[in-house]
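Consider the single chain below, provided in structure tokens and representing the form predicted on its own.
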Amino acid sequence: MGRAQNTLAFDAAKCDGCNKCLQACAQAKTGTDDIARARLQVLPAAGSFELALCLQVLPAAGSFELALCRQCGDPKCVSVCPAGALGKDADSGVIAWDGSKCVDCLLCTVGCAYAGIALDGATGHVAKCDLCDGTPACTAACPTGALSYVTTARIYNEVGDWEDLFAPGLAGCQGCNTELLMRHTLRRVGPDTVLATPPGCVPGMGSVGYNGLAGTKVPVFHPLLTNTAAMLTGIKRQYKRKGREITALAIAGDGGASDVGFQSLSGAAERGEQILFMVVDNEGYMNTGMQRSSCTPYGAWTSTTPVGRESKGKTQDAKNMPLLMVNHRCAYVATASTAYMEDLYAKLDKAIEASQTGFAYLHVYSPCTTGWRFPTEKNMEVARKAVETNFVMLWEYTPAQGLQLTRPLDDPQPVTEYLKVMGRFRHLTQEQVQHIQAKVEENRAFVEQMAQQR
């Protein structure tokens, strides 16, 4: 596979035009406070500045665009440079400028479609972003998180050449990220694995195979909803008797874990069985008709909590499975999201290690484009909004270290920013929204209190 590179990402919805990123860049690269010499520029979006003038207000957040070198994979600035002064580094991905070769023709500024390279009037030469050798000054200075340095390329480069242990052609719904999670997980866990996938979306998309052909390149079985952890317990113990170390892995839905599967899961956790139990939480029985589960949140539409004149969605709050597993004093418990892959990979590593000596539980929130009623291309946005509003909180627990946050909970967006991107919450009354916001704040306070008790 080709190599991926780290990059700067810009979220216009968070940018308020404070220019602190420009000041930090100018200081780092020129030693001055002249933001005109910064190697990126934040500019009002088309029409937004004129509208703000008419209303006699400052442009609102989300009214800005970024002029910045994208470190393109096929950089036009490089191809049009007649002097060979620009070149892309194969390892870092940075397009570097060599002043000793530059003839100041400015053709590179014409070739760049992103205004990422421009003339520095103070020096008479072009200047562009070089990512500050991997520690961008602009992102450290951004107070709103509009600018971020994305380093998930490490995962792609590290894992990309490993064998995909799921067969090609799994039949997931369009836009579903569960297949992404399954493939990443099994690659990371490796071939010395026995996999259990109880009824749900994971076997439904083909993990156990079709027509007598297995869906994985490791042993896989399809237990009942009720006995996944019990069957894995027996398999792990039998392998240990034979002197062979394997990872006993379950990839289960929230229904197979929080409802009818809870008794065997709880028993295995209480005994400290050497199992890695991953829950792919799409908050319902999505594979069999989008029925509610105990992990379905309050107010959500499902086929068994319909919306009409009398019914307004689910009337109970979601069961907090990760905190229940903390109460089992498992060797490792963590929450994760497919929108934060670096965090997920770090926790997966710890869960694999913990499962060699005790019970490891990893709860991954995975939006369902079909059951949650949002466009297929919005999956990662929905996953991010859940975390940014504290509807989903990212943390990990071990008996020795207690509960530790892996992402700050302060300065969250209002929960309405999450609710409004999905059709399953479109019917909510103001009272229901207030209930959900209050529950989010209650859960946050509880998790923060646990995090402080170390």
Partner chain sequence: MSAVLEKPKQKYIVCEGNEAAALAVALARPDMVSVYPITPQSSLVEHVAKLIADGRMDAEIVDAEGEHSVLSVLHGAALAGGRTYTATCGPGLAFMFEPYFRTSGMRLPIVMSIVTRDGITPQSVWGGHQDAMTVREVGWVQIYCESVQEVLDTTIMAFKIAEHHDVMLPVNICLDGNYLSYGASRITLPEQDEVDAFMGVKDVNWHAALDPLRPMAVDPLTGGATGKGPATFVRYRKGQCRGMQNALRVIAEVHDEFAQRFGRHYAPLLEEYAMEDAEFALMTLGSMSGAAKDAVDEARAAGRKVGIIKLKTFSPFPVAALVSALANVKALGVVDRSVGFRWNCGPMYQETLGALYRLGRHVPSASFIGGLAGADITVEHFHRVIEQTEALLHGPAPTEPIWINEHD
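Numbering follows the first chain given and starts at 1. Just so we're clear, the structure is a prediction, and the values are computed from it rather than from any experiment.
We do not show the form predicted together with the partner chain, though everything after this point is about it.
- Contact with the partner chain in the model of the complex, defined as a heavy atom within 4.5 Å, is made by all three of 211, 223 and 235.
- The candidate stretches are 288-296, 327-335, 371-379, 236-244, and the one lying within 4.5 Å of the partner chain in the model of the complex by heavy atoms is 236-244.
- In the model of the complex, the partner chain lies within 4.5 Å of some heavy atom of residue 218.
- Contact between residue 271 and the partner chain in the model of the complex is found at the 4.5 Å heavy atom cutoff.
- Heavy atoms of residue 160 never reach within 4.5 Å of the partner chain in the model of the complex, leaving it off the interface.
- Taking the partner from the other structure, the partner chain in the model of the complex has no heavy atom within 4.5 Å of any heavy atom of residue 175.
- Proximity to the partner chain in the model of the complex, defined as a heavy atom within 4.5 Å, holds among 94, 231, 364, 339 only for 231.
- Of the residues 144, 263, 303, 152, just one reaches the partner chain in the model of the complex with a heavy atom at 4.5 Å or closer; this is 263.
- Taking a 4.5 Å heavy atom cutoff to the partner chain in the model of the complex, none of the residues in 115-132 make contact.
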